[in-house]
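Look below for two forms of one protein chain, each set out as structure tokens: first structure 1, then structure 2.
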Structure 1
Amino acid sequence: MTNKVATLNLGDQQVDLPVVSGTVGPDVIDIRKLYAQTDCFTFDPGFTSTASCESQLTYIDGDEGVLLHRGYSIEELSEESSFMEVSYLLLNGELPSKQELDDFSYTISRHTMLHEQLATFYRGFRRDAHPMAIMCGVVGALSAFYHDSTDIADPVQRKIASHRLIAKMPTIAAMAYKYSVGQPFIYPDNKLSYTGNFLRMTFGVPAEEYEVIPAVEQALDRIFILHADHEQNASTSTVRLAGSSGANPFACIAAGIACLWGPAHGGANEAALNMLREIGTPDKIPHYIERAKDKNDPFRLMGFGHRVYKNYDPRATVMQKTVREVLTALKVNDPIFEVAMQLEEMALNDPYFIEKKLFPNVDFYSGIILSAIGFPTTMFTVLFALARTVGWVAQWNEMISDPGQKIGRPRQLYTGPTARPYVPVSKR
């Protein structure tokens, strides 16, 4: 806590507001008493200058391109760690011992199965339903099946619900894919790693043994690490706001999935690959760059730009390296990768993108890898949701266990009609 204050002069009123420092990053001006003292709200649509909460999970420095999870850099975690270990770190605050990691992985693996009746949910969807629509529906329905872990006041139930969500997302995601291609669901195999099990449930078939390719398993596990958590982004804020009303964790995560689906957020990975395929060849890039700069054209470079990063998204750096590794391991020569790299180079040397500090973000390269592994573009945001579930769950737990937590209820600047008498239709 600092003794610094921010003094606000409002007409003849002067208000001192406490300034609070974190361990790193911008100070905050505590305005919780502002309305009571001044009868004024602050106004910040899109929350460009608003800290919605205190958190100890993830730190981002957008100017320096820094991303830390519980103090560990995304570069080191993506190189040295595993998604299960990063999940443990986000949930518990410290890196696990070998025994702690083994116990955690064992617990998660024992929650990978879905209640058998949930399989019938899929049959209510059209085969061509977008898998994210299925994810919203099935994850929301989990609260109808797991009543014994919906009491958010009970830390034991919160822990079970957290483990169930992290463990069942791969199963639900794989089933969404299987349903879309008309293949039978594959049950989890607890002998495999978290990511290997997901690959087998997605691409395995009953008729033959599925062999997990280590290079693919490692690349996908790294992609999950890169997507695990990201401070107070739109979908995490959605989960927190839903949770602040006391909604059960399954409903909160379903709300996060719905928000993530938007092309300005998690849906950008699907949109970015579709854009690269539409561009098709490097000679078409200048036309699309001009469209992205044209104020009258709604087209934007998908996978570019970020509310926080005004430097290179550190996840995009790791992702680009992983593209090379996967294409080499799978002996895939995808011309779209060349289009992506040339597009990046041209954009980063264009005054418009330089002036607006627009860099590739996590979604720019991920689709190239996922496509090379065999996922259809409609599954890209599903994989983002699968990985982000641990971040949503960790943020939800942090909020619920904060004794000072209140329901989130923003106010507004009202510019509508003032009070006026009703006029009967006969007189209108």
Structure 2
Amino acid sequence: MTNKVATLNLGDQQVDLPVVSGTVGPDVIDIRKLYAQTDCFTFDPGFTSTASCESQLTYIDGDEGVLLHRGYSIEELSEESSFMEVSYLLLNGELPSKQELDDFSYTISRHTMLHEQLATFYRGFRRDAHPMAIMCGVVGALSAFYHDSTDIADPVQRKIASHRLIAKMPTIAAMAYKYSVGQPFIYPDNKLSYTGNFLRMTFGVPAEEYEVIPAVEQALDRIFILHADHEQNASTSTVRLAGSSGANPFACIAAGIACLWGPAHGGANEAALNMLREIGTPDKIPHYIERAKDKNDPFRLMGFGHRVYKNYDPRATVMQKTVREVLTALKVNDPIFEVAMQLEEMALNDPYFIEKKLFPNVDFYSGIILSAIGFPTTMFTVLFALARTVGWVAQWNEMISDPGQKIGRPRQLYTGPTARPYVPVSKR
């Protein structure tokens, strides 16, 4: 709290509102008592100017292109850390010691199995069901199998539920893929790393030994780190809103998955890859750039710009380097990457995109990497959900632990009809 106040003049009434400061970032005007004092609400569609909660997890400075997890830059974490280490950091607030990391990784590895009856649950879906539909349904169903970790008032049960969700999500995702291609499910191998285990469950087959390629494992682990948490985005806000009602953690994460499925959120990397494939060759880039500038043309450059970042997305810088490493390791000569590189260069030097601050975001490159590894586009958002689960769980835990937490209840600006009498159908 600061000593500053914001004064609101409403007709003859003057209201002083306290100004709250965080450890970093813009100050916040506390309007919690505004309605009681003035009988007025604020109007903020999309909540673009509203802080919905207090959090110690992730900080974004969109103007400067900064992303911090518990104070650590995303660039350092993606280069020096592992997804398991970042998961521990988000859940516990500090980087783990070697022993703490080993213990945490061991605990996660002991929760990777799914209840065997869930295999039958998978077979209830059509064979061509979208993997996100399967994931959303299966995660929601977990609460029917794990009754011993749904009491949100018990910190021990919350911890167990958190570990289960992080551990089982790769298994759920891999089984969704296997079901979509008609291959048998592969059980987890706890000798492998978190990411290596997921790769084996996804691409391995029972009759053959699966070899994890280190460069691919590192690249996918890095993608998981880059997607682990991103402050109060749409899906995270959905998880918090669902959790504010007291819903069990599995239902809350299923709600987050459903929100993430939207093409404006988790489906953006798939849309970016499809756009690059549509462009096809570098010589067609100028034509598509002109189309993107035309307000009457529905075409838009996918993977450019961001709701929060008004500078270069720091995650995109890491992805640009990673995509080169993966294509080199797999000996892939993908013309789509050349299209991406030249498109980025031309857009960054075009006055229109500079003025609009349309810089490449993380989705611009991640789709190329995932496609090179072998994932179909239908799995892209599934991988996003897999990685974001730790952020959702950490945000949910933080919210439940807040004694001042209230059920989410946004208000509205009503513009419908005023009260009117009912007219019987015979007289209408």
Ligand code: SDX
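When a residue number appears, read it as a position in the sequence of structure 1, where counting begins at 1. Everything numeric here is computed off the predicted structure, so don't read it as measured data. Each form is matched to the other, and the largest set of C-alpha atoms that superpose within 1.5 Å is called the rigid core.
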For the form predicted on its own, pick structure 2
Compare the position of the CA of residue 286 between structure 1 and structure 2 after a rigid core fit and state whether the shift reaches 2 Å. yes
Review point. Against the rigid core, is the Cα displacement of residue 297 between structure 1 and structure 2 at least 2 Å?
Key: yes
Taking the rigid core as the reference frame, is the Cα of residue 356 displaced by 2 Å or more between structure 1 and structure 2?
yes
